[in-house]
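Take a look at this one chain, the form predicted on its own, written out in structure tokens.
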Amino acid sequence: METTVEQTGQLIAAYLGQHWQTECELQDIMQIPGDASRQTYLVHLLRNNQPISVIVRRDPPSSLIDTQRDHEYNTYAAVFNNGVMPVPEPIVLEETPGDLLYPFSVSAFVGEGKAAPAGLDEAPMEPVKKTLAQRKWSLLGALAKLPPDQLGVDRFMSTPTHPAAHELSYWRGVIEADALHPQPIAAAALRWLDKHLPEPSGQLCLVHGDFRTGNYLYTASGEITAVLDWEMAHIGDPLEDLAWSLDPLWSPDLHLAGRLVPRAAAIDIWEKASGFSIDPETFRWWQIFASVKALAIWLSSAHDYTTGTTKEPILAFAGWPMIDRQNRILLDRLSPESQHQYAEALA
């Protein structure tokens, strides 16, 4: 039996009271819309008569992304303890459904900053876009140069011998399993990726997996207060995150990376922060792969919505308009002219 939002809040307060072994009273709860992988709630509590706010992420019946909650929680803990990126402090992971019906995790609420991508287009943000871009891709570059064993994520993540081949195999499987009808553009892109598979770079890092506009909290001064949504994190090639962050889908202005600065500027920031020099052909592979990966996610959404696994509106939206947009991006990226554009962007 499903619970209402208010009932969920009362259950969370009771659970945390037991966890903290203290008085815990619900003040308010709000479900945060738009999360495609977990049901997310902002919960305001009184703990020993002191206000405290937490974020609760609960497994839904279906998700855009098939992930293990302990994987995401442990990744948050590793990044938080290292300090390489600002992330919410993890509080507790509960893998037994209990009264909340589904497993969940609790983390501290970061009150400063907002995630709304459209907010970056507002006039007050224009003067700080370069500052925010500097922070965004510097953080990503710092993560790229940090060995996985220094973070400790190698204790619960596998280490691929060929990151590109490994990721391509996984997302090809998603497309083959979830496409509701033939996908000729995806098929063409997969053939291209097979033909041009790069050699392993020799560099491995913790890959966020979804480092993009909308998955970090930013302030009006251009600061990033928290990087969110680590459910797709894995050990892989540093270029994977950079390519994903630059996908045209994340910006209505195709000349801007993530609604902030020209793509060449973003790449330059990342290179300086990571200490890596990008090979244009290898990076082109990762950018075409990024669009294939995104397309696989949208196809999986359409599958779940159409088959009735879930009726979440966000999955319906992701399943149709997003597929069309990603296909257009892939057609552009596969064109011979785009090869010169990649080289120019890295010049």
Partner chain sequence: MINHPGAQLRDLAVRIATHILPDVTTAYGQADAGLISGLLMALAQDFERAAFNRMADIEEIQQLFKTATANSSDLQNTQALQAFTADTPASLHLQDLDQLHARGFELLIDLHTWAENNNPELNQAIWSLLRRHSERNKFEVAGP
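Keep in mind it's a predicted model, so treat the numbers as computed, not measured. Numbering follows the first chain given and starts at 1.
There is also a form predicted in complex with its partner chain; it is not shown, and the following applies to it.
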Query raised in the report: For the chain shown here without its partner, which stretch in 179-187, 230-238, 89-97, 203-211 has non-hydrogen atoms within 4.5 angstroms of its partner chain in the predicted complex?
Result: 179-187
Requested in this report: May I ask whether Q31, A316 and E337 all come within 4.5 angstroms of its partner chain in the predicted complex, judged by heavy atoms?
Outcome: yes
Report task. Spell out, yes or no, whether the shortest heavy atom distance between P51 and its partner chain in the predicted complex is within 4.5 Å. Result -> no
Query raised in the report: Can G308 be called a contact residue for its partner chain in the predicted complex at 4.5 Å between heavy atoms?
Result: no
Query raised in the report: If you check in the predicted complex, is D59 within 4.5 Å of its partner chain, heavy atoms only?
Result: no
**Report entry** is_contact(D304, its partner chain) in the predicted complex, heavy atom dist at most 4.5 Å
**Finding:** no
